[in-house]
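The data below hold one chain only, encoded as structure tokens and taken in the form predicted on its own.
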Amino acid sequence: MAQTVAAPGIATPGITRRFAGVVGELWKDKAGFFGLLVMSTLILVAIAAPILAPHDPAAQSLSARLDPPFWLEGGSLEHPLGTDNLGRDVLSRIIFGSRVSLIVGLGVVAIAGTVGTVLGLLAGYNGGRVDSLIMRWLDTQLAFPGLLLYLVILSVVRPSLLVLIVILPINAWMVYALLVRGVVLSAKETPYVEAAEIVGARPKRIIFRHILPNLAAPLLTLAVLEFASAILAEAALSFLGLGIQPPEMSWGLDVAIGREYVFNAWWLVTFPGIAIALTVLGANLFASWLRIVADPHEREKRFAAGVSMTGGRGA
């Protein structure tokens, strides 16, 4: 009997149904859908910043200094969200600032996630001295405040975007290591791992072929949460003057510039602050939806709650 082969580039019905199911669940969870919308908007704005920005974000015009947003007296649509103390367009700076937030968030998650996952796998599967060494290292670092560690390093090294991406994972890898270690310790006792060990599978194969795939869902959820944490850390360091430096753009840097004018030019602080808050809120809401979708127990709880509410209305 001839075997049917799906044509390249055409989605199979199973994949299509799965994708439709995920989209349907996301649409039902309005908070998760809002989170995904915010994250997608951040990515699109960062990519299309040169097209979307109405002005050069670094262009100064002292004649247009501290112009208010267009809906206030003295404002105009030329600068929809007003201008800063040097006459630079606030909207353009927010749009280009999204690039820094996206790059820092993705860079920190990639580095910290890789290091933390590898160390967590080693500690959880090998145990013994390896586990003890990694956990004592982690405990020692947890006792040292992360923000203070960043400030010490940045006071010695000249702050820049690359430096932030390198130093922020120093404190961010630990949460990945703790999560992965806990999952690996549980997975070691499962029958499929014990069976793989009995038939003589190598530890490397057991870790990467049997254990690591089960970590995809919790790691993805954690990565989204840590993406928001990295954005907050960058904004905080830039606000303190030890993060992104002028003439580069950053939401935290714009808030720091605007704090001196907060009473007579509130828009300098408000709009970058809203951008930070919306991004962090969207990431947290999307991560909450991912946690529920990826965890079978949470899915069962949500289904049971929905059935209970339907039955209650029917009664």
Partner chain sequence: MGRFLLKRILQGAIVVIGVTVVVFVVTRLIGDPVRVMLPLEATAEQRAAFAAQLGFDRPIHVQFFDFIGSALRFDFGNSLWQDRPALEIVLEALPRTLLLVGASMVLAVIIAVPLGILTSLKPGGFLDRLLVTLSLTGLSMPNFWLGLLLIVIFGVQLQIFPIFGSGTLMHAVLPAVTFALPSAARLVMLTRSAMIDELNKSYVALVKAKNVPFRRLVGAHAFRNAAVPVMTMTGWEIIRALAGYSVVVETVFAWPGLGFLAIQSITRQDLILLQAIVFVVALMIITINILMDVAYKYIDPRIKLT
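Remember, it's a predicted structure, so these values are computed and weren't measured experimentally. Numbering follows the first chain given and starts at 1.
From this point on, the text means the form predicted in complex with the partner chain, which you will not see here.
S.K.: Which of Leu37, Leu62, Ala48, Ile274 has a heavy atom within 4.5 Å of the partner chain in the predicted bound form?
M.R.: The option sitting close enough to the partner is Ile274.
S.K.: So which of Leu42, Met249, Ala287, Val255 gets a non-hydrogen atom within 4.5 Å of the partner chain in the predicted bound form?
M.R.: Selected option: Val255.
S.K.: Spell it out for me: taking the partner chain in the predicted bound form, does every residue among Ala143, Ala236 and Thr270 have a heavy atom no farther than 4.5 Å from it?
M.R.: The answer is yes; Ala143, Ala236 and Thr270 each reach the partner chain.
S.K.: Which single stretch, out of 106-114, 119-127, 92-100, 149-157, brings residue heavy atoms within 4.5 Å of the partner chain in the predicted bound form?
M.R.: Only one stretch passes the 4.5 Å heavy-atom test: 149-157.
S.K.: Arg259 near the partner chain in the predicted bound form, any heavy atom under 4.5 Å?
M.R.: The answer is yes: Arg259 has a heavy atom within 4.5 Å of the partner chain.
S.K.: For Leu52, is any heavy atom within 4.5 Å of the partner chain in the predicted bound form, or not?
M.R.: Judged by the heavy-atom cut-off of 4.5 Å, Leu52 is well away from the partner chain in the predicted bound form.
S.K.: Examine Trp27 and determine whether its closest non-hydrogen atom to the partner chain in the predicted bound form is within 4.5 angstroms.
M.R.: No.
S.K.: Wondering, does Val280 line up within 4.5 Å of the partner chain in the predicted bound form on heavy atoms?
M.R.: Yes, contact at 4.5 Å.
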